[in-house]
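The chain below stands alone and is given in structure tokens; this is the form predicted alone.
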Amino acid sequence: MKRPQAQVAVLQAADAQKDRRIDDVAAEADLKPEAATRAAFELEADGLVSVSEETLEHYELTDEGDRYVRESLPEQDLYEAAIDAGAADGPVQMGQVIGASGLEGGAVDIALSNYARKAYGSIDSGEITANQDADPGSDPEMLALEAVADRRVEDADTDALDQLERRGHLDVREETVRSVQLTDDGVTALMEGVEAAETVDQLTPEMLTSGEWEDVAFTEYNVEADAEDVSHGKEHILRQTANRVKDTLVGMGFSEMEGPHADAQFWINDCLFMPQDHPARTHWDQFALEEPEEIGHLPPDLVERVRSAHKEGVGPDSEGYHSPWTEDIARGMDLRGHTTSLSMRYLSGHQVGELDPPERYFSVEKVYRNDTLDPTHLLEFFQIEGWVMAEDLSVRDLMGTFTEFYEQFGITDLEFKPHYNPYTEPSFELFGTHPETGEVVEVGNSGIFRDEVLTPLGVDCDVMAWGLSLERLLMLMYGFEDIRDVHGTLCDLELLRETEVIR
């Protein structure tokens, strides 16, 4: 029997009694692994070998996981501090325990989110208790970290490994390993004798001109054989969805706005009739710049009209806030917490000149908020800002716009809930149903701008406006349950590679 050289080499290196990994067979046969794999599949097609495969998982500690395995998990530190503070005997103030634990920054959130989950105790209304029977020394996740560090991952609890991967303490890499074993027919073929045939795997110009190609045997190719997976760059699914949102709004007659990410509080908050002592304007919600750049020109007449609206109100039925208002605060530079700062620039005529109704504008841009990270909140995210300037607008117009917009993305179960905003009246929030969990998810906020917003800007007709979350639109479209899997430093790259884009 004559076979191609690579097939003969694989037959001779394979074993009839046990599986041998193709990498080992390739090394013994002096072949490249891909050549040995191709030969093995060709031999399998002829019944001379069997090919099996298994998926192996390789675990590696992340930098954070490496630090914790050398020290301790944040929840363990919190538990020890709670025990020392007497929380096993009754509730203790959580601030006292956190201070004693030495935890800072993000480690505090990590500890609090895992403390009750592991039955170390309870946390309620700012107080913490400790379960005397808990045993942090036998924490399965810490034991799993130690097992990975010592290269004995087989001793680790699989649920603990999964949890550590979700927490970002482990990186997991999957590897598909193929093995070959001689069949009875393969053994018989070797016993009867197998010779290497002279084969050619590449047709050259010289062979064509000389006519040699007519006298050689060409290597057969198995076009059904598995090929190596090659990961390549592609447009992020969030960017794809953002572009689709832009196309949809342009198709609805809107024009796109653009403007600075770092802006004066005047445009971010003051023009929106948000009092300067409003909690949302503190560092708890916004990011202020330590070394702000020059903010440029603020129109003095507009500044005065906005100041007057805050102090005295607009019209006979408005009284303003009667609270302190200073231009120094208005000139403070922040990262924008919403893209409504762009709307203020455009509506005032400061950005593109005076606008006459009807007008429609939108933006799909990044905003920044000092939120607590969770499955639906990030420190930075994309907001779909939009507004319509026209005469005699109503809530019905606003709801109809949302219905038309979301239907383009297959979302037809919108719910509306009355809400309060300092800058719109009436106002309402939008909700959609998550396709996987069935939970109702807030997707945006909206309303019709108050006179206290529009009059200082010089607008004498109605303006309805909204701010929607691009990430939560993505969750409703694709069923993602944790936006951190899609966007940010902990995103799931495999999920992003495998997700089929919805058109």
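Note that residue numbering follows the sequence shown and begins at 1. Since the model is a prediction, treat every value here as computed from it, not as a measurement.
Not pictured, yet referred to below: the form predicted together with a small molecule.
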Only one of 318-326, 249-257, 422-430, 388-396 gets a heavy atom within 4.5 Å of the small molecule in the model of the complex; which is it? 422-430
Using heavy atoms and a 4.5 Å cut-off, decide whether Thr340, Arg369 and Gly447 all contact the small molecule in the model of the complex. yes
Although the partner isn't part of this model, could you tell me whether Pro33 comes within 4.5 Å of the small molecule in the model of the complex, counting any heavy atom of the residue? no
Considering only heavy atoms, tell me if Leu473 and the small molecule come within 4.5 Å of each other in the model of the complex. no
Is Gln383 close to the small molecule in the model of the complex, meaning a heavy atom pair under 4.5 Å apart or at it? yes
Considering only heavy atoms, tell me if Ala465 and the small molecule come within 4.5 Å of each other in the model of the complex. yes
